[in-house]
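Before any questions on binding or motion, here is one chain by itself as structure tokens, the form predicted on its own.
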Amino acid sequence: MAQKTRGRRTVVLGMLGTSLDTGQGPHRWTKWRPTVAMCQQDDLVVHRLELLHPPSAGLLCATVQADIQQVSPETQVRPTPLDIRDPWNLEETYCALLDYVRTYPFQPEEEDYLVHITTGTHIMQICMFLLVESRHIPGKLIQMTPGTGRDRSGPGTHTLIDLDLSRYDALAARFREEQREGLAFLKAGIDTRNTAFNRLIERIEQVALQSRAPMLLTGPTGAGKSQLARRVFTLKKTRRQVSGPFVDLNCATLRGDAAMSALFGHVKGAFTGALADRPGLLKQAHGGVLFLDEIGELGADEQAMLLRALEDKRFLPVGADKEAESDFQLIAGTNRDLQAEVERGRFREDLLARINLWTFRLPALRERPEDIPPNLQFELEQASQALGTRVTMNKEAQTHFLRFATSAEGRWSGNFRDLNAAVLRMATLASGGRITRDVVEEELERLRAKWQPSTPVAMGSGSDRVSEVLGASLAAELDRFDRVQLEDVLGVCRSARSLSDAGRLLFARSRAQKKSVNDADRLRKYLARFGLGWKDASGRDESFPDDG
């Protein structure tokens, strides 16, 4: 094995061999002892050896430590007693090692780790393998081999190996417990009851721990995309899947030249006001996770640069003549239909193909009414922390609030942001930290007023066709721009003879610039964005032939 990167330290974790490492007196040097031999390798410098040993083997451990100091003065040996009564007991051995590595101060950014599996029982070797495979130990395995013939007493050789071992029931139970812990963490400890949502979180946990490919989180504003992205990062950090930081940015806040500079950095003098070099967010996220919320807001140039950074891990800062490098995992968030944005020419198709390998849609709060009660308790705890006092809600008040919150009246257009704000307001007004029915009723009146549908400025007709077709609840969630546009499209559909006729009217300008047109298909895809078909839009079955 070639020497490690200059400047990094090599650390070995291994168990003292109570049989292979034995020997006293001068004749011990004629015997091959794998732990000592590992520190005699010409092409491997062991800077620190974490030497685990049974408490009863203290004398042998001291001898091996002294011999290593003699043959490899640069190696720091740190003996650690590990009390395992039966080293052939799989569960006892694994649990003891797991407890040890969970508290070990790994520094993978500065040190390389090897796990020595030549010594110890076979059970010990299996457990060491499993801890490396599960990334509890962020390192590789090393196996020592004695020399042959006259070299039998020499240091021998070392090899990095890859084992393929079957699972054991006792360990599988521990892994399942860790998975449950991971799922609970991703859900912020909230005991969610919605089956589809729980299944979604299970899949996200599985992908997060086994893949560094980009993830795309979709769903309405306030559904929790930002919080979930941060928790995915923290889970990966805990399992040593990443070593760098979590860097997040809402792309809707970027405009013009500032977008390129914020994402990719710039060099001094690149533009007016560039008084010093700026690394940019992609560079800052090296080794970690970059979360780009509202990725659909990025401009065309930023999309092209981001695609190259994802594929080649290289990009060009503004004004620079030398490329920068950054290896990060991307988590993107959006409340837009990016496929529709591609069809409208606003989002790169190749970038979408790159980031939607793992796409997860977070449901709106109103789609999970059974999860409102546990989330209410969570928000009460959050409000208590924010206000610095314990806040509770009496049973009558809680029943009254949940009856409204889980009914059709509870639109939750802002999703968890609405719920958080509602609970915080009630907690602030709660006398003595106890929310009563009167406080709840005041808040419900506030929510009813906020969610009262407003009539948009319709084009052509004064009627509210959008609410009529989508329903008041869904219509209220549309941006004003989209609502006005859809109102006009529905007006055209109501008066047109056919889908194609409506398409020709709506795309009369743009169709003249296209060599090949299919107005009916364009209109059909637009309506599909809102879950509508021709019958919904026109208010009738196709009475006239669709003449294409």
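Numbers follow the displayed sequence, beginning with 1. Remember, it's a predicted structure, so these values are computed and weren't measured experimentally.
Beyond the structure shown, there is the form predicted in complex with a small molecule, which is absent from this document and is the topic of what follows.
query: Taking heavy atoms only, is Phe360 within 4.5 angstroms of the small molecule in the model of the complex?
result: So Phe360 does not count as contacting the small molecule.
query: Does Thr221 reach the small molecule in the model of the complex if we count a contact as any heavy atom within 4.5 Å?
result: Taking the distances in the model of the complex, the answer for Thr221 is yes, it comes within 4.5 Å of the small molecule.
- prompt: Quick one: is Arg366 in contact with the small molecule in the model of the complex, heavy atoms, 4.5 Å cut-off?
  reply: Although the small molecule is absent here, Arg366 would stay clear of it in the model of the complex, with no heavy atoms inside 4.5 Å.
query: Could you tell me if Lys225 has a non-hydrogen atom within 4.5 Å of the small molecule in the model of the complex?
result: Answer yes; at least one heavy atom of Lys225 falls within 4.5 Å of the small molecule in the model of the complex.
task: Go through Arg417, Lys313, His286, Arg240 and name the one with a heavy atom inside 4.5 Å of the small molecule in the model of the complex.
output: None of the other options qualify; the answer is Arg417.
The unique member of Asn375, Thr93, Gln125, Ser261 whose heavy atoms fall within 4.5 Å of the small molecule in the model of the complex: When the small molecule is considered in the model of the complex, the option within 4.5 Å is Asn375.
field: Interface segment, criterion being heavy atoms within 4.5 Å of the small molecule in the model of the complex, picked from 225 to 233, 99 to 107, 424 to 432, 440 to 448
entry: Residues of 225 to 233 come within 4.5 Å of the partner.
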